[in-house]
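This document opens with one chain alone, in structure tokens, the form predicted on its own.
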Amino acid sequence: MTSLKPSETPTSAKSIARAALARARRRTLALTECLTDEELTAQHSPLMSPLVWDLAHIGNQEELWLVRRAGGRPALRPDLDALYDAFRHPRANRPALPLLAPDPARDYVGEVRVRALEVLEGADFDPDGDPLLAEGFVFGMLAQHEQQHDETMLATHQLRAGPAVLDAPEPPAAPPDAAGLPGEVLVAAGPFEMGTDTDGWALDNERPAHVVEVPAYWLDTVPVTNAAYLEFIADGGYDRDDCWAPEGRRHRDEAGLRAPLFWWREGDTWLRRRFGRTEPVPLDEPVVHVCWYEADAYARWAGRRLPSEAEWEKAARHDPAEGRSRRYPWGDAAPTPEHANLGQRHLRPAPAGAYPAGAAPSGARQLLGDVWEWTASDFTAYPGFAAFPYREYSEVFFGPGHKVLRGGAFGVDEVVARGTFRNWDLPIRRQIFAGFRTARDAAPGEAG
């Protein structure tokens, strides 16, 4: 649970914040302690930082925001601020920086956490007080920041060569009714409330809540599967220029796109590499590691399109029976393992049709967890947007250069996974855990 309610006491609110911070730190340590110092300091891909940079950056951000800003305490290591400024140093350049070695980095983040928890104990979460502290926002922001870097580090693990070092149980099988699910669900025309004004830990780009009118449309019940994507490949989808927008064709040709990242073919068998393991591509899983251009090309090939961000959120949150937007597809209760594939409990998407308890009122499943879902929308501000607490979190990325992803993948923690959360990335990105589902306009007769 991450949303703080007015009825909660300050003690319980602080317990929620403390638990979110602790959960993030356990994951950070698990992702770094399984590797040698050499692997922590190596750059496994120019797309990513050395893992030891992420580790110390997590500590530096916590020092800046929780120790100094929220606590008003003196700086521990002001000399690290420029070194771990993500905007000052592109990822490809970070290995050349005088980074903290793994043990000093661990000592630093541990020392920062001790002081951050001291600040938490004395913090005032008054919703009418300091906006940074209201409802524990800054502590939730930093828990989300760490979990987002944990997901980035998980992507680095996927990119690294060498034997597997991560392990997790398999996700649950699809339930018996999965094979009989309709291919698409109808979402009726009408207004719904998009975004939020009430979630205490929602970030600036999720605000403010506003009413959006959405025409009727059909949406895939589940994300597009590997089996369906293989049909696109077999039909020459990567060679059919009519399926690709001009900029997509250019990127396809320049990057040599022929299949999702980490896939290759041996004879008649498609294989993939997953966290150091080689395995046949599982046909019933949602496809992952495709860029926006590939998702768009598939949708065109299928005679469909990618959903807009508003269409995705309406299908995930709108409850027509109650006339309101839910926090999650299944309601307002916090996620459980029965609702969604979250939190790195598993190291792969669950089969399509899994998690019936997590279905939305629209009937769509797996809208949270499993894979991030590309949408057709550019990342832009909502009407009335106000940057908080700094422009660089969202505002500097607004515009046509970044596409919105929704829903969260199997490596996303519950502190991030909510129906209003907005992710964004460049349309060429494939190392992220992104898939998609498709949509189409409803014909007048279909819309009822």
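Start at 1 and count along the sequence shown; that's the residue number. Just so you know, these numbers come straight off a predicted model, no measurement behind them.
Below: the form predicted in complex with a small molecule, not depicted.
Exactly one of the stretches 269-277, 112-120, 311-319, 149-157 approaches the small molecule in the model of the complex with heavy atoms within 4.5 Å, and it is 149-157. For the marked spot (His57, His145 and Asn423), a heavy atom within 4.5 Å of the small molecule in the model of the complex is present in each of the three residues. Proximity of Tyr382 to the small molecule in the model of the complex: non-hydrogen atoms within 4.5 Å are absent; the residue sits far from the partner. Interface residue remark: Tyr393 is counted as part of the site for the small molecule in the model of the complex, having a heavy atom within 4.5 Å.
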